[in-house]
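Okay, here we've got a single chain as structure tokens, the form predicted alone, with questions on binding and movement later.
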Amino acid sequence: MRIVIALGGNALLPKGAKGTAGEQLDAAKKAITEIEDVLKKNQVVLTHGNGPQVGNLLLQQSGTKEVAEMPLDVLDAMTQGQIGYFIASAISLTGLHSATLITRVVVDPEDKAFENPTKPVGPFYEKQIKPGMKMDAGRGYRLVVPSPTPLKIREHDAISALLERNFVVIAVGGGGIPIKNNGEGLEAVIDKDKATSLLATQINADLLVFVTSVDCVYLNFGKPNPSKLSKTSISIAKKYMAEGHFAEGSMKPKVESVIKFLENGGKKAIICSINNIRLALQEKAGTIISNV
């Protein structure tokens, strides 16, 4: 089976962690341990976010004038290498071969997202300490950057070729590096969920898995009467989304990305946490969404 698994921020940078190399490597090891059997029995692509890491790089380079600042697309590439290295190191412990692919994603340079930055990156602050910060879901102020819609994964054919050679592929890190059709980079951070869904479609994946901070999708999340959504279909998921059950910047992008994958020919998708992914892959936990 060909599977695309998106590792969310909490799976690679636990809440409360400072983000040291040791912490990130330990988190990667834990995540890979949970999915080791899946990696050994299937063709698997691992994607990941980069919001905390790319935001930290922006802060680091704004702290000195002694070195040249890098544009955001270059920082995207740097975090792909950084996080990919941690994941690849963890995979090496399983005896499997992996390949970390610097992945570029074509976007429209006229995308309105460039005029209206919405993607939160970096750490949380109690107040706005610099221009360009916005409140992130009531959790604190964060820097926001443009997040254009992904249109094409430029290296999708290379990813498929590596899968055929039995590599675990680490790709589309941080949503990919945004580029124009001619390969010129653009300053933005693409939504990891949307880019992962697009990749899953382009490589004809059988299953799409989003690993997030909660064990499954909830209706009335954060309210006195939350309820777990164990199994559902595209039509029902759309109904719940229209009713406002899924928060912007949180669960809504994942549900939207799942729906798009299934509408474009995907067979099944799962939303779960790293702690219950084994059971979720057996359809005994998490939220299972299918075409039926």
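Quantities reported herein were computed from a predicted structural model and do not represent experimental measurements. If you superpose the two forms and keep the largest set of C-alpha atoms that fall within 1.5 Å, you have the rigid core. A residue's number is simply how far along the shown sequence it sits, counting from 1.
Below, we refer to the form predicted together with another copy of the chain, which is not included among the displayed structures.
Proximity of residue 42 to another copy of the chain in the model of the complex falls outside the 4.5 Å heavy atom cutoff.
Heavy atoms of residue 225 never reach within 4.5 Å of another copy of the chain in the model of the complex, leaving it off the interface. With a 4.5 Å cutoff on heavy atoms, residue 73 counts as touching another copy of the chain in the model of the complex.
Although the partner is absent here, residue 185 lies within 4.5 Å of another copy of the chain in the model of the complex, judged by heavy atoms.
Stretch-level contact analysis of 214 to 222, 161 to 169, 143 to 151, 201 to 209 against another copy of the chain in the model of the complex, using heavy atoms and a 4.5 Å limit, identifies 161 to 169.
Every residue in the set 93, 100 and 157 has a non-hydrogen atom no more than 4.5 Å from another copy of the chain in the model of the complex. The partner is absent here, but in the model of the complex a heavy atom of 57, alone among 27, 229, 237, 57, sits within 4.5 Å of another copy of the chain.
For the residues 233, 61, 264, 33, the 4.5 Å heavy atom test against another copy of the chain in the model of the complex is passed only by 61.
Counting a residue when any of its non-hydrogen atoms is within 4.5 Å of another copy of the chain in the model of the complex, the hits in 73 to 87 run 73, 74, 77, 78, 81, 82, 85, 86. In the core-superposed comparison between the shown form and the other one, the C-alpha atom of residue 122 has shifted by at least 2 angstroms.
Contraction of the residue 124-residue 67 CA spacing by 3 Å or more is recorded in the model of the complex, set against this form. If you compare C-alpha positions, residue 273 and residue 124 are 3 angstroms or more farther apart in the model of the complex than in the form on display.
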